[in-house]
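In the form predicted alone, a lone chain appears below as structure tokens.
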Amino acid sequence: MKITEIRYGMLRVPLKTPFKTALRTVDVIEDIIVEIHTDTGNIGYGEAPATAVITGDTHGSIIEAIAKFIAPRLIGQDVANLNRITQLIQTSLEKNSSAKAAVEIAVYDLFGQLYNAPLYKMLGGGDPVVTTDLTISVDYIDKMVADSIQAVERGFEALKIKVGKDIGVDIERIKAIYAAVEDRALLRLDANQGWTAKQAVYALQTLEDAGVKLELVEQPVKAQDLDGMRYVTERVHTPIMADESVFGPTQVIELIRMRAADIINIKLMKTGGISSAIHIADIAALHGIECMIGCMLETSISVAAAVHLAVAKANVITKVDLDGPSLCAFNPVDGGVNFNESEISITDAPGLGIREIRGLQRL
């Protein structure tokens, strides 16, 4: 099975409600879709969101990176040579992690198709069912409380609460949500780099003293501020998780060396795809560090790849934050992974199992 052509498209899927964080507000998912065609007629699918405020990737840069730097290296390559292909992708240019991820996902999809097995089995196997949390966007307190109650009533047992805009209001937000959901759901906070180290310690110690129990707090300070991450981690009981601070294996090693966080959030759009995500999971496992698998604003195409990885690396990926498809107004994919509220399950279809993508606009 040899790669013959790489095509691109734009997929637009409206969200059920606006997605609001300390960094941005989004109403519609607009992602670049990659199709890798082969001489056997098989097609591998990948996806890349333009998350400029986090990865630096834009729609234009994703297409340019793939068309000018990545694709020329892959034409004619045999899909069976997976390690060689992933190396070609990763060394094609610096940064551009989302572009690399989209292509890698499509290649791994083809790798599973080549051997007629779902991707998770090619990555090591596991129980093909995971449970995800649901994101509660930052908003007025009453709205966040109502959204949280509704999520619990839909069966979600873990909620990721977006904060980071106003430290005083953030504390009141969390107290109100905690009181409303009682013991029916675990609460995960995500500050999206919105606090300083001292603000984070103040907020978390205040919440702890008030009896509010949190499962974790994600990226309380700026991505580059590892000293600040360590400052917070050392001074609170609540586990601290690194997200934007960790893109690749080298950063994971430094974060572990500094003891700057308790948990690592793996996202394929940060790691540049599945190959580096596997390295991160293996490094974390060696050091006894738990990982979460997360996503950007992505549809069920690239999120499916993250689900397969989560199943195969369940020994270290103990938390799942793959609610992108649950936030979408509809699922544009025929086939693939099954998303049923908090439960995500994988079929026995080869690769990612995607048969068709509806509403794709060719570029």
Ligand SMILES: C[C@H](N)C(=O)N[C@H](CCC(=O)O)C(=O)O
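The structure displayed is predicted, hence computed values, not measured ones. Numbers follow the displayed sequence, beginning with 1.
Only in words, not in the display: the form predicted in complex with the ligand, which the text now covers.
Asker: Taking 4.5 angstroms as the heavy atom distance cut-off, pick the stretch from 157-165, 78-86, 197-205, 116-124 that is near the ligand in the predicted bound form.
Answerer: Comparing against the ligand in the predicted bound form, the contact stretch is 157-165.
Asker: Flag Ser61 as yes or no: does it have a non-hydrogen atom within 4.5 angstroms of any non-hydrogen atom of the ligand in the predicted bound form?
Answerer: No - in the predicted bound form, heavy atoms of Ser61 and the ligand never come within 4.5 Å of each other.
Asker: May I ask you to check whether Arg188 falls inside a 4.5 Å heavy atom distance of the ligand in the predicted bound form?
Answerer: Taking the distances in the predicted bound form, the answer for Arg188 is no, it never comes within 4.5 Å of the ligand.
Asker: Does the ligand come within 4.5 Å of any heavy atom of Ile54 in the predicted bound form?
Answerer: The answer is yes: Ile54 has a heavy atom within 4.5 Å of the ligand.
Asker: With the partner left out here, check for me: in the predicted bound form, does some heavy atom of Ala312 sit within 4.5 Å of the ligand?
Answerer: No.
Asker: Taking a heavy atom within 4.5 Å as contact, would all three of Asn192, Met296 and Asp321 count as contacting the ligand in the predicted bound form?
Answerer: Every residue of the candidate spot has a heavy atom within 4.5 Å of the ligand in the predicted bound form.
Asker: If you check Ile70, Val316, Leu327, Ile43 against the ligand in the predicted bound form, which one has a heavy atom within 4.5 Å?
Answerer: In short, Leu327.
Asker: With the ligand left out of view, choose which of Ser245, Thr233, Thr135, Ser276 has a non-hydrogen atom within 4.5 angstroms of it in the predicted bound form.
Answerer: If I apply the 4.5 Å criterion carefully, the residue I get is Thr135.
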